[in-house]
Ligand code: GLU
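Below sits a lone chain in structure tokens, taken as the form predicted alone.
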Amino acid sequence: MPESTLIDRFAPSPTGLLHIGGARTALYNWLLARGSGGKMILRIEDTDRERSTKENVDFILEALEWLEIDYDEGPISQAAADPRHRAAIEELKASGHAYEFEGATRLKVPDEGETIVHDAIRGDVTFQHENIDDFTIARSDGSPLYNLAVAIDDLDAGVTHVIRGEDHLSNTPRQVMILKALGHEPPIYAHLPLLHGPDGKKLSKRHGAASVQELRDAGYIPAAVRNYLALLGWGYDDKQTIFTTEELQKLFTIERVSKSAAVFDEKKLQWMNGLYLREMPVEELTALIESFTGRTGLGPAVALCQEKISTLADFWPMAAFFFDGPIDDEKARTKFLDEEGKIRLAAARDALADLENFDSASIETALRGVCESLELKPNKVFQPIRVAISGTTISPGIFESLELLGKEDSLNRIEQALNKP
């Protein structure tokens, strides 16, 4: 691999489900590596042995797999590099850059001067040495601390670009000092803006889904999530919002990432996810929905609902009545199947019963004829039918729904509604 090849890394701590902010960091690293012909490393920062359980590591791997974000090397355990970290600590002590104090090892920070972090997003960020005390790089038992381990891991992996959240910015001058004390130049850093909810506060569960797994379980699809996450801080121009993954890989640059906090708005993600679902071939969407619901034989109902759903989870509440019969929505029944509603429903039943061809076009002609004969607006006739066949006031198109149910089932449901007190 040429020396000029870009190498970046995604280095999460395994503390639970992968947060949306972490997913965006992984995505940006992946897009930059793929778009430049570079390499992305997955490193698990698992030195906290109590929290770094196999289950928590698996959560990270599971989330990346669902997002379809792959990596060229890893997962690498940071804890496994402990001997190398300890050797670097000894090297720093031998060169006079570090010393022991009360058993722990500290890096010497000059009393004067400054360390400048060259940030690809924020420009140069200056840290005055007078504000940074000599900092601990190893505990009294010799085990390395975070800043030492990260700096050595990045050095040994040949990392050229460190893309991470801005909450790491305060750590960066310490990592730069460690690398320079060892005689090495630091990589290029880029600290991403934090994610906020629509209320301007740091993103959390109160804003809805806060992890990749929650997005998956809420019925979002990976391509839409990747597209939306890419736009949380980055943009190509003022117009385009829908990008294929290939376009994102080609167009993404770290220099176009904003310094300002980005707003994660699940309603916007829902809108974008809906666009993806509506553009999808019915067969592909059917396969996704059948996998999501654990049901089979959903194709015709999926075709009817495709224009109305924004997530995979929206499908079953809208279409369940096709398979499980009408739900019992007392409020809808009281409002639309009162005495007058049943009179209209009976007229609709008679018109439908006379049909030889029970297709949506014939059904529409018959029911609009009922509206004209009763001198009523369509909704006054259609809603009682909808409540009769589905139990609710929300369904796919009424004519298509009746066709899918078939003549016998449709008339039976209408009859049951008419006979229900």
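One rule holds for the numbers: they count along the sequence shown, beginning at 1. Note that this is a predicted model, so its numbers are computed, not measured.
One more form of this protein should be noted, the form predicted together with glutamic acid, which is absent from this view; the next part is about it.
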* 4.5 Å heavy atom contact, R164 to glutamic acid in the predicted complex -> yes
* **4.5 Å heavy atom contact, H168 and glutamic acid in the predicted complex** => yes
* Partner contact for P12 in the predicted complex: glutamic acid, 4.5 angstroms, heavy atom -> yes
* To do: May I ask you to check whether F127 falls inside a 4.5 Å heavy atom distance of glutamic acid in the predicted complex?
  => no
* For the chain shown here without its partner, which stretch in 212 to 220, 145 to 153, 346 to 354, 273 to 281 has non-hydrogen atoms within 4.5 angstroms of glutamic acid in the predicted complex? -> 145 to 153
